[in-house]
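In the block that follows, a single chain appears as structure tokens, in the form predicted on its own.
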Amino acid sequence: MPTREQLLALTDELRRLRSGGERSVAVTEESMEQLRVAVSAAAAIPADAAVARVAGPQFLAASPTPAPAPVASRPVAAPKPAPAPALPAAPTVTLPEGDKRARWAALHELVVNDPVCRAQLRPGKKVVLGVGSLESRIFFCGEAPGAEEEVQGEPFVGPAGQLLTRMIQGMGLKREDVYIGNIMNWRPELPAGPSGIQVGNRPPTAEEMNYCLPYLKAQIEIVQPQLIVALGATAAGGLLGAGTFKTLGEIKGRWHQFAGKSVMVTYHPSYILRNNSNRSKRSIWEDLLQVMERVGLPISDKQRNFFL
């Protein structure tokens, strides 16, 4: 039976896929039954309704199936989060003269004290800026902080972040050798449960990302990476423009441009948490091999054959 952590990872990945234009995913009937049991055990609601609330009634489709799956046939609407508040115009960021460390420190002060960023936080949570080497040739860019990230004030420290760290290690690097950030500097809000704790994540709106983009561009200006790796459809949409593609598959594994830098688009690490197969791992790894080649990292035969 899936654990609570796996269910949350599944929820986040389904939201990312839907925001990227996907309208269905194929799953086995056995997996659907496991989801029904796990979700109904975690909440006092009918199992099919619970699964539909996670993904939307048309999003999960059992395959193969001789008849429509119950979750797809019931007209259960996914709950709509409260609309994000209207935001002012994006800030103009002017960095001081100085070395990279001094400029990054000045940017950090701007971001953590930005009244708009701070206003989006729940009590006790933190604004998040990127971390890592300011000399890195590679800038990994996600969409927004999650639950663990807004507590620690650092991007990619939860389950997906731990997987990203292992991916970086597979490239022959350490986490501290690269720069890791998000487009967003705060966790997009969803209604909290009875405990007052937000469960799950939602993709940021275009308005939210547009507000934070000047801070992302300032990080790129400071680090001057050779390239950016966009992790997932939402991050890719924030960098390239959401209207430039319908599904991630259209742009994944190819080179694009943002702020004068080459951009490689690949899956978000949470994709592997949802779909832990050698095929899905290999799909991401092939994109990272292109990144390694572009920046001139040595690639061993063993690395070339990972997940084959």
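From 1 onward, residues are counted along the sequence shown. Just so it is clear, the model here is predicted, and its values are computed rather than measured.
Same protein, other form: the form predicted in complex with a small molecule, not shown, and the subject of what follows.
Participant: Test of understanding: in the predicted complex, would Ala144 fall inside 4.5 Å of the small molecule by heavy atoms?
Facilitator: Close contact exists here: in the predicted complex, Ala144 approaches the small molecule to within 4.5 Å, heavy atoms only.
Participant: Look up in the predicted complex whether Gly238 has a non-hydrogen atom within 4.5 angstroms of the small molecule, and give yes or no.
Facilitator: No, no contact at 4.5 Å.
Participant: Using 4.5 Å between non-hydrogen atoms, is Phe140 touching the small molecule in the predicted complex?
Facilitator: Because no heavy atom of Phe140 falls inside 4.5 Å of the small molecule in the predicted complex, the answer is no.
Participant: Report yes if any heavy atom of Gly130 sits within 4.5 Å of a heavy atom of the small molecule in the predicted complex; otherwise report no.
Facilitator: No, Gly130 stays farther than 4.5 Å from the small molecule in the predicted complex.
Participant: Within 4.5 Å of the small molecule in the predicted complex, counting heavy atoms only, one of 91-99, 106-114, 153-161, 192-200 shows up; tell me which.
Facilitator: Of the options, only 153-161 has residues within 4.5 Å of the partner.
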